[in-house]
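As structure tokens, one chain now follows by itself in the form predicted alone.
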């Protein structure tokens, strides 16, 4: 496959990498190889799920973020915060305190992205009514899952709901509201505080649209440490001098990003599946069998959904508990009639504008199994892959520098690997006298790096 399909927030630092292969072994899309003793990312396979980030024992994989100082380029500096951010803090820390510290850091406005749910839910229901032939319809909330379907389950792209997630809806609303208040568009900076790498990648190269209304993305762990350090210095039980005017978030919005938070609010038969390996297992069955009578699937890459994002700081189970406690409180206040959602500047006031801009364009399949753009060449290459697989041992040991035998076969066909990288093939060749043991050792050094073949006295083996 030629050309880079996606922007990636995950970056590999070769100067730090020790070539341990932990990242390669956990990658759900087989997007990592070991070459010359270092991990390499195959751009078109990666979905930015972040499993490699968690698996790396030496911090060789990092998640990029926009420089925080860039917020000061704008007169109106909006922090879009997900409800999972509040779930990171102990319950004695209030949303007002968190927001006030964010304003002290330099933001002029604070807005919770799940306010977009107030518009999105009705749009999903309407979309389902008009696309009954595509059941089960699948949420497009999680960008890692959208990319996973594009590259690994391309026949299911038509089942994705072609609507923007709450984040994009909230950003569009707030930008338009500030413009309506007399601000110039180039004076407005919209910054999202993200719990995961996939959302960074989605903002930088959005699927189904040309660009995003979001100006920049800041990692949640960075913001959490900044805010919590300030709070612990003496602001627990107090408010800082700047208190933002924030509308209350509905109970449905509070838990929308948690597992079953979305599916529970969609009519019909729905299922919620979290953690990318579980999603892959389910979609493999769905792709290979007759589609069951399921109306809607909520699919999330992280365990406990956004509460388990790789950029969160708190235990995901405590986070979900806090989110549910907050939702229960919001629900009771709604029932008492204490919350008002139609004040000037409310997202509800912009329903028509947001409904007209909620759709995304075509979500194209980008199969990682496509060996060539030319169908005839692709068929020839696939035949060659099968021929190579007849020679390989089906052990999936990873010693060749590819995660599976099938990956090695495809790499060979694409000219990115050699048959003799397989340790089993090497031993056969040595027995047959077609490969010397010194040559076999040299091949392994090229894959894993010469330093791994030195003894304790730093002598080459």
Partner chain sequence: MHFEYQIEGGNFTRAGFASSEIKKMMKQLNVDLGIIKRTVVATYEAEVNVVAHAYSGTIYVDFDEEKVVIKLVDEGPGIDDINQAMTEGYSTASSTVREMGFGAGMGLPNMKKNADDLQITSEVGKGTTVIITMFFAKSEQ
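Everything numeric here is computed off the predicted structure, so don't read it as measured data. Residue numbers count along the first chain shown, from 1.
The following text describes the form predicted together with the partner chain, which does not appear among the structures shown.
Asks: Is there a non-hydrogen atom of residue 370 within 4.5 angstroms of a non-hydrogen atom of the partner chain in the predicted bound form?
Replies: Answer yes; at least one heavy atom of residue 370 falls within 4.5 Å of the partner chain in the predicted bound form.
Asks: Should residue 386 be counted as a contact of the partner chain in the predicted bound form, where contact means heavy atoms within 4.5 Å?
Replies: Close contact exists here: in the predicted bound form, residue 386 approaches the partner chain to within 4.5 Å, heavy atoms only.
Asks: Would residue 76 count as touching the partner chain in the predicted bound form under a 4.5 Å heavy atom rule?
Replies: Outside the cut-off, so no.
Asks: Just to confirm, residue 356 within 4.5 Å of the partner chain in the predicted bound form by heavy atoms?
Replies: No, residue 356 is distant from the partner.
Asks: Consider the chain as shown here, without its partner, and state which of 248, 206, 136, 365 has a heavy atom within 4.5 Å of the partner chain in the predicted bound form.
Replies: Checking each option against the partner chain in the predicted bound form, the one that comes within 4.5 Å is 365.
Asks: To verify the annotation, which of these, 332, 155, 277, 229, has a non-hydrogen atom within 4.5 Å of the partner chain in the predicted bound form?
Replies: Here the answer is residue option 155.
Asks: At 4.5 Å between heavy atoms, only one of the stretches 87-95, 378-386, 186-194, 296-304 reaches the partner chain in the predicted bound form; which one is it?
Replies: Residues of 378-386 come within 4.5 Å of the partner.
Asks: Under the 4.5 Å heavy atom criterion, name the residues of 270-288 that approach the partner chain in the predicted bound form, in sequence order.
Replies: Residues within 4.5 Å: 284, 287, 288.
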